[in-house]
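Coming up, as structure tokens: structure 1 and structure 2, two forms of one and the same protein chain.
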Structure 1
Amino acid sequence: MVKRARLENILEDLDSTTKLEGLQSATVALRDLYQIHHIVYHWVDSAGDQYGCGTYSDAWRQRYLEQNYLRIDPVIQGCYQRFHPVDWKRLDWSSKAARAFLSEAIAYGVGNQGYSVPIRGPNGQFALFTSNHDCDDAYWNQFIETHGRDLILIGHYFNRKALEFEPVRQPEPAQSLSPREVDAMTLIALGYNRAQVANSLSISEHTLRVYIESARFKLGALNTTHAVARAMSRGLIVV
């Protein structure tokens, strides 16, 4: 409960910030909250400009830019082709260049584990929200199982705030959800599984699936988790 309250405070501070520095402060606070090595958010806006905030060392950021690692980074290459979060172990590290890159990243303190959430916004905007740590696979798998859902939502919070700094951003058209769709998405956001949601609403799981798919369509979401994040970011549901 204490960690949840701290997370809510961090997200409230992030939501209220009016400066890019607020995103940086949030990455530090989240790193400390989850007791991992790094939290990083990186976006490319509709004009092709890039911004990164996070807890990687200045030395690693400088090295990355000097060597133009963007062209070989398996995380960037792999996540750009995906819509779902990915554990770094599932990416293609088979090339000699990729293995050398990973070894150097670890030497610079990035950590041997990573989990990245790819996020797409309007007009070609692309972002990554990444968590890193140095630990064995068993610990990392448990960490992602416990916190993965929160990390996805946090990534979308970062992206919503980052988009506010886009100078020519066009407002996204809003579509309202029906009362039943709001109820369903709210319970899912609270962590209920589909059977529990259906039971709470006194409907069948088939009917629940219809509500969820309808909400996803209205929100332009890729999956249920994405739909929850969008509904929360637009104030359509409150948890």
Structure 2
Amino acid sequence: MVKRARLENILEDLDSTTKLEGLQSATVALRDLYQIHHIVYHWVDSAGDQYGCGTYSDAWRQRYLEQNYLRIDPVIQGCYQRFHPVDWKRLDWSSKAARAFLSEAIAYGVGNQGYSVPIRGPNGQFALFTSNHDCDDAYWNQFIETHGRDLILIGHYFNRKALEFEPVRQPEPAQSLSPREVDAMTLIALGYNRAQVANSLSISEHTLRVYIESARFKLGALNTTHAVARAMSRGLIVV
């Protein structure tokens, strides 16, 4: 277990980082402090934008982006479906593409062991804080046993810091929907057509349309489906 004082130092170091590039050096510092191979922070925006920083080689970073490995990387894919931090060993490496990806990653200097902490935002934002090392299972298990909790906390602090630098990623000031609009959009999102929804809400279909159009307008949506998507990604309705 890293001494508590040391963890404090790391967190304070993150707190004192004042520029986005600072995260890069904080990452390097973290790696040194924990004496592991790599530390990587990866962000995927709800708009599909991505941002990352870490200690992987430029070559691998570039290769990753060029090949759009985001789509097949089992770490991303697996963590996207997962609640909790996960050891790479527990991911699904069964597909041929995944194994090829791993081989290539290792060839580019990525270690064989990893521990990734998924972090989610209110609007579908997704970040991943990964610690990577090259060692045998026993050593790694011991490392995670010892440092896993620190890594979780650091991941969250890291994410918080990254967000401060990019206010763009903050949710838009939630233009809220009226209760009726929420009702309408929720039922629409559940797959009912307007006649059914109107019936279900005991209002006329015409009235229902007003709600839908109003919601569409508020959300700046091009059509009903778009409005549902936006309402969901903003957490205005839950389906």
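Numbers follow structure 1, counted from its first residue as 1. What we label the rigid core is the largest C-alpha set whose atoms superpose within 1.5 Å from one form to the other. If you're wondering where the values come from, they're calculated on a predicted model, not measured in any experiment.
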{"query": "Chain form predicted in complex with the DNA, by structure number", "finding": "2"}
{"query": "Core-superposed C-alpha of Ile188 shifting 2 Å or more between structures 1 and 2", "finding": "yes"}
{"query": "Flag for Trp60, CA shift 2 Å or larger between structures 1 and 2 after aligning core", "finding": "no"}
{"query": "C-alpha of Ile39 off by 2 Å or more between structures 1 and 2 on rigid core", "finding": "no"}
{"query": "Inter-form CA displacement between structures 1 and 2 at Lys218 - rigid core frame, Å", "finding": "28.7"}
